[in-house]
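One chain comes next, on its own, written as structure tokens: the form predicted alone.
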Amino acid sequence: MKPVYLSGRGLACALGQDVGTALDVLRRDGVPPSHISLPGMLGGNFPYYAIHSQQSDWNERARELVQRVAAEAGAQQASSGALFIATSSFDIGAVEQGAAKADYRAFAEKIASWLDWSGPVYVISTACTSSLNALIAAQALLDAGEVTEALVLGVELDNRLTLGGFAALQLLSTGNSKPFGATRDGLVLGEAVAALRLSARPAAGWTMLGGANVVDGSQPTGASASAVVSMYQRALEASGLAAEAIDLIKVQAAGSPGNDAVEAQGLREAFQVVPALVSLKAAIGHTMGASGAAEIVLLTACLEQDVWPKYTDETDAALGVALAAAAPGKARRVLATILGFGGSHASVVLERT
């Protein structure tokens, strides 16, 4: 498969509403999560990485964020190409406010209209792996010559359904996210809107070489070590690389007691020498369907500007892996991974040019 070029990026997350602000805040040790209370049987005060905004109307807030992030990525230059909308919760927040109906086609049409999009529109919803799978699909479309430009837009904004579902499954931390941490006790969710503009035309910066998605439904709410290994092997094969060519892996490492251990096992089995590892969940939370795109935007910017997340919690030595305290020198080839509900395991390979 032909490589595609990352020709633009944009991000709104708890760190800020553009890439530059997010980097500056991360450089200053980031921000603590806010908290959301759930009533009734799910009662609890859960940490949550929200995007700071004065707008209370869900649709208007979403429109402002989508337009801002898309503009930062240079979406207007790709508006006759393909738009991939990646999400796990769609606009359920607007449905909860009585400002929308649960209509996925209407959701896609709404976002396309906000961007004055004239090209084809696709919606990818594979839970947490949505935006990585959107990147894989976009590369395939560009490789086939169907379009020369594409925009992958990850959208994951506040709603009570997602938070309540994770709370009911007892998967949420009551404190903070501890990736691969010795005292990790669950996920901390967050909001993000992220955009990656892809082009078949060469551009300086980053190239997507390939990727893979492996589904193992035997663990519908968790990861499978064998699927993690297969995911890495297939992503490397699609990219034409050997395991030792990878300089850095952006892991899922969301702080889940079980999933972190399974992911660590998969890493040890897939790599004779595990490369440097980084997680961004403690900085922006787990942003669900937007997480793949959001974390790639943030990570590529971090590597370019020599900014690195700080980890304050002790690593669980039993996992046999650890997160890098600093960026590896000259990290050229990066694997970006997301593990999701439904047994979806996705990874893409990026190369700095």
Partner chain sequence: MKTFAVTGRCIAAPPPDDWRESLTQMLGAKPRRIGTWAELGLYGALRCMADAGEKTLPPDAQIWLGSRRGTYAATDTVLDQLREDLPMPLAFLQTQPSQLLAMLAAKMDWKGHACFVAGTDPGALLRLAAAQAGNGGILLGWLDEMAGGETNWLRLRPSAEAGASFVAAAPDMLFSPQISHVRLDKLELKARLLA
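Model, not experiment: these values are computed from the prediction. Positions refer to the first chain, counted from 1.
The form predicted together with the partner chain exists for this protein as well; it is not shown, and the discussion that follows is about that form.
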All of Ser173, Gly175 and Asn259 with a heavy atom within 4.5 Å of the partner chain in the predicted complex: no
For Asn213, is any heavy atom within 4.5 Å of the partner chain in the predicted complex, or not? yes
Is Gly74 close enough to the partner chain in the predicted complex to count, meaning some heavy atom within 4.5 Å? no
Under a 4.5 Å heavy atom criterion, is Ile246 part of the interface with the partner chain in the predicted complex? no
Within 4.5 Å, heavy atoms only: does Trp117 come near the partner chain in the predicted complex? no
Quick check for you: of 196-204, 272-280, 153-161, 175-183, which stretch puts a non-hydrogen atom within 4.5 Å of the partner chain in the predicted complex? 153-161
Between Leu209, Ala127, Ala112, Leu241, only one gets a heavy atom within 4.5 angstroms of the partner chain in the predicted complex; which residue is that? Ala127
Identify which of Leu236, Ala223, Ala254, Ile136 has a heavy atom within 4.5 Å of the partner chain in the predicted complex; exactly one of them does. Ile136
Along 15-32, which positions have a non-hydrogen atom within 4.5 Å of the partner chain in the predicted complex? none
